[in-house]
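First, one chain by itself: the form predicted alone, in structure tokens.
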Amino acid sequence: MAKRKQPEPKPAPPSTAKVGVYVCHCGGNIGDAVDVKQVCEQARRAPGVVVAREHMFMCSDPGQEMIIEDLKSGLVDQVVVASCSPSLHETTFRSVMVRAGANPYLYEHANLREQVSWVHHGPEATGKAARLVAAAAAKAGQLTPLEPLKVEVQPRALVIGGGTAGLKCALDLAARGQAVVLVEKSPFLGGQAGQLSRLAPGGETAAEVISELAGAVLAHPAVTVYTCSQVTGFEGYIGNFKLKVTRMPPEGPEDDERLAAVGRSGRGLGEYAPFAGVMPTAIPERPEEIDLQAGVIVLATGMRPYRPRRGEYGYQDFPEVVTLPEFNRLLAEASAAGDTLELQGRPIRSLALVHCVGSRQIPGIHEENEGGYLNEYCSRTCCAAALFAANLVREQYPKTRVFDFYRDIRTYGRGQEELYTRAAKKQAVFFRFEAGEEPEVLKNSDLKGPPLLVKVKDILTFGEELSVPADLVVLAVGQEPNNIADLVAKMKVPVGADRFLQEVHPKLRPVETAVAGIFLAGTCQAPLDVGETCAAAGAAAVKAAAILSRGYVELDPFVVEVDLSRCTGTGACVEACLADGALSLVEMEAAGQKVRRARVNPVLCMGCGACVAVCPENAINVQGWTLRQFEAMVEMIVSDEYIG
């Protein structure tokens, strides 16, 4: 292994450096633990620092104007803001630099909240804060102007998934003048909403919603729809994604069932078929491959209802136990005549609803699924869906009693609390159980009564054990993400512990993934109802359209740069590189000879620095985070000359 050369000694910060330091009290988040005035006093001693100021809220308009005024007057050239996490406000202060006419990359951020005031108290907090600020100032003095990377954008969006989210996102993008390709793996558009009769809480029919969305998408000239299709190849980067889409005849019992439903309904292509969706095109007879290019990608891959294990609440052991989606279909097909619900020729005089099936599972209490996981999250929509079904039954069939077994009722959205109020007024009977003491579904030994008994220890009656006879038990199952492991592996998008796709930040970047140019829409990200799904899809469409309409995208220039005068072509950097295609060895001429040297693709580079660590010639640096800048920071941290 080649011996790594020692870095050259770092010269002192240039005398021309004019660094401004701005320390934030953060309302007390920082100021209550850190002596901000003392930090400013010590910062003024650091080389290159010409001004050090404090403010209660640096991110406020007056705080930003303070920086802008110093920059415009020529008092400072480089800026350090010492405040809260850079993930919250680094972009804010770079924008301040731009507004002042300065280069946004002559800025350095020091985190005094998460790294100091939230973890230290007393004199050590102020001492550590002073050293972090001095280190940031030392680095700022070494900063040089950088320019963002400019990438041309293919004028097309690819939306993966033809459910409610995918349809809404495609339609919103098309309405903004963008070309869209929508890819759906099944023969149908509509997703899980197509498996419903009515939507909670408003009661709209699924046919109304899906027919309107799918009809508008299919009629729009800017949208191309491929059903029976899956993404089988992927490469590229934001602005220039290259994908291979394979269309093939559907296979699987779910598609067969939905195709049979279309046959029974007598609906044609492009028409909505109940509990199937809209089939826009004929089924392909043989596999075919389509090559696509797209500037942005929206993942709208959806969810699936939780399927209980055999024996869970008697599911599959007793024919009288069904899931809520199964019950909704039975209810839609039931006769509207009579005051007692009849399903498949059998009267249902008492119906039991059980909440939180497949949601809010607790390690050590609930049994893991076949995949070895638990759904520890709340699926959010189940309570409203169960109460909506209870109201339908009580209003249409008043002689069918409804018993509701819940752990907690979470009717969080607009119009959902009214569902609970209506159910109570309609005399639905509620029982509450604790986690770990879920209701037990048993066969009724009384042959003259209903076939099942639901046993529960009811909190509302101070722990009394009750047995409730039931003709039908309906399990309000939660939501699980669809299995898209192949897409995740190809695109390297992050997945959360709950197995849903993960956004960068739930508040600041709620529909963006860590992979630039790939966005999230709908229930692939979290359990959502149809209204929330449409809102999320609209947000993803806005983000995607902003990139497409501009025609190019600017990326931060924090990527590696190769010094060809020092590179000897060992290839160690290529072996260490974590981003496929970001580094390669290419042939070129040097001093009249053909040699191999490292070349970086800046668009693919993640700026991780793995290559910097292994280069034996010190021929690689990350722009904005060079070795000399690191050394300046470390020297200032360990120095007692300016901090005391």
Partner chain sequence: MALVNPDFAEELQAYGVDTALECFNCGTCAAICPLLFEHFPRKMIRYVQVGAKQKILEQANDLWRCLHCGLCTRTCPRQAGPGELILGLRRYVVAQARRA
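Numbering follows the first chain given and starts at 1. On a predicted model such as this, the values are computed, not experimentally measured, just so you know.
Absent from the display: the form predicted together with its partner chain. The rest refers to it.
Interface residue remark: Y272 is not counted as part of the site for its partner chain in the model of the complex, having no heavy atom within 4.5 Å. Within this chain, P469 lines the site of its partner chain in the model of the complex, having a heavy atom no more than 4.5 Å away. Within 4.5 Å of some heavy atom of its partner chain in the model of the complex lies at least one heavy atom of T421.
In the model of the complex, at least one heavy atom of E464 sits within 4.5 Å of its partner chain. Heavy atoms within 4.5 Å of its partner chain in the model of the complex belong, among the stretches 513 to 521, 425 to 433, 107 to 115, 235 to 243, to residues of 425 to 433. Distance criterion of 4.5 Å from any heavy atom to its partner chain in the model of the complex singles out F403 from the list Y397, Y226, F403, Y313. This chain is drawn without its partner chain; in the model of the complex, the residue among E417, E532, E438, E90 with a heavy atom within 4.5 Å of it is E417.
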